[in-house]
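The form predicted on its own is given below as one chain in structure tokens.
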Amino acid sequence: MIIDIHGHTLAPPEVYQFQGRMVGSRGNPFAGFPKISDESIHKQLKKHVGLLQSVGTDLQFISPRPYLAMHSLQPSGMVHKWTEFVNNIIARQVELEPDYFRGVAGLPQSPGEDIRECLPELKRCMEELGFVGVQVNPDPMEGGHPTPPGLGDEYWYPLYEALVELDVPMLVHSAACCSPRESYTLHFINEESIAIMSLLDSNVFEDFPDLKVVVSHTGGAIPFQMGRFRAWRLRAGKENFDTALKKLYFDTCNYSKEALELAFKVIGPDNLLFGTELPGTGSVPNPETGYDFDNLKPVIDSIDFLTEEDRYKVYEGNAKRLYSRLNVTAAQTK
């Protein structure tokens, strides 16, 4: 079975029309969520399913599209309503195509707001909507000011406590970027790198040993700078960097065979989960291979030092081990 743990919703146009109205009015007055038919939602969803079928993916976890999260916009009430609405759309998508999708919740994060304000939506998505995971943005300021607390800061502890209590993995994934120095896709990589170092230089895993953290895009820049961080931690008298890194998990959403080979060598198949973001940034043909960059199964299959057991872990086993809320039917495993 091929489980893709990193996907995002492919929503109908009415969803983004509603977003445009919310931004224009700043959610005031709030006239309620628009009614969108199952037919309209399924029209887009069938395209998404077709893409998964074309690359042999059996099941994909879908979350809100990060660059549309609007976390830095004010007032925060607008962000809360938008996040709730998108999570509802994802729940309907899962209900319409339960053989292909599982939901990953977005959180209504807002600059300067207590992280506890996100917990009701987290619990609703897990307990009422049946989602399997949550997407966490390490920078709700979206490249603006003030600088957000790192993921090792106690600001995040109420969220971590809830995640452990609910046994929910968090996918670290940045959102949009307001800075003229970074595109949002570069911001993703930078924030994921910062998130890793902040977590590993903190007491988070001592205080929350059962916390499950998956870092998007194969860990940003970290796998390419292992030597630097190994040396730095030795100089500081800290735990070996390779050992510390095993406290985290990473997806394979990296569209370079050379980079993935390095990730398998320095991170290892026990801590990597198949993820593609299909459809997304990588949905464009690779001139060297002829198929899209985000068609990653052939790339991983071509890495000759991986064993069949390694591939099983990455494609299926690690996801089933981490995501305790994942229910897979017998029909889906055939």
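Just so we're clear, the structure is a prediction, and the values are computed from it rather than from any experiment. Numbering starts at 1 and runs along the sequence shown.
The following text describes the form predicted in complex with another copy of the chain, which does not appear among the structures shown.
- Shown without its partner, this chain lists N88, S76, S202, S179 as candidates; in the predicted complex, only S179 has a non-hydrogen atom within 4.5 angstroms of another copy of the chain.
- None of F188, F101, Y249, Y160 but one reaches within 4.5 angstroms of another copy of the chain in the predicted complex through a heavy atom, and that residue is F188.
- Annotated contacts: Y16, E95 and P120 are all free of another copy of the chain in the predicted complex [non-hydrogen atom within 4.5 angstroms].
- Shown alone here, C253 lies within 4.5 Å of another copy of the chain in the predicted complex, counting heavy atoms only.
- Although the partner is absent from this view, H71 stays clear of another copy of the chain in the predicted complex, with no non-hydrogen atom inside 4.5 angstroms.
- Among heavy atoms of V132, none comes within 4.5 Å of another copy of the chain in the predicted complex.
- Using a 4.5 Å cutoff between non-hydrogen atoms, L262 counts as a contact of another copy of the chain in the predicted complex.
- Stretch 192-200 is the contacting one of 160-168, 79-87, 207-215, 192-200, since its residues have non-hydrogen atoms within 4.5 Å of another copy of the chain in the predicted complex.
- Contacts between stretch 255-287 and another copy of the chain, counted in the predicted complex as any heavy atom lying within 4.5 Å, involve Y255, S256, E258, A259, L262, A263, K265, V266, E277, G280, T281, G282, S283, V284, P285, P287, listed in sequence order.
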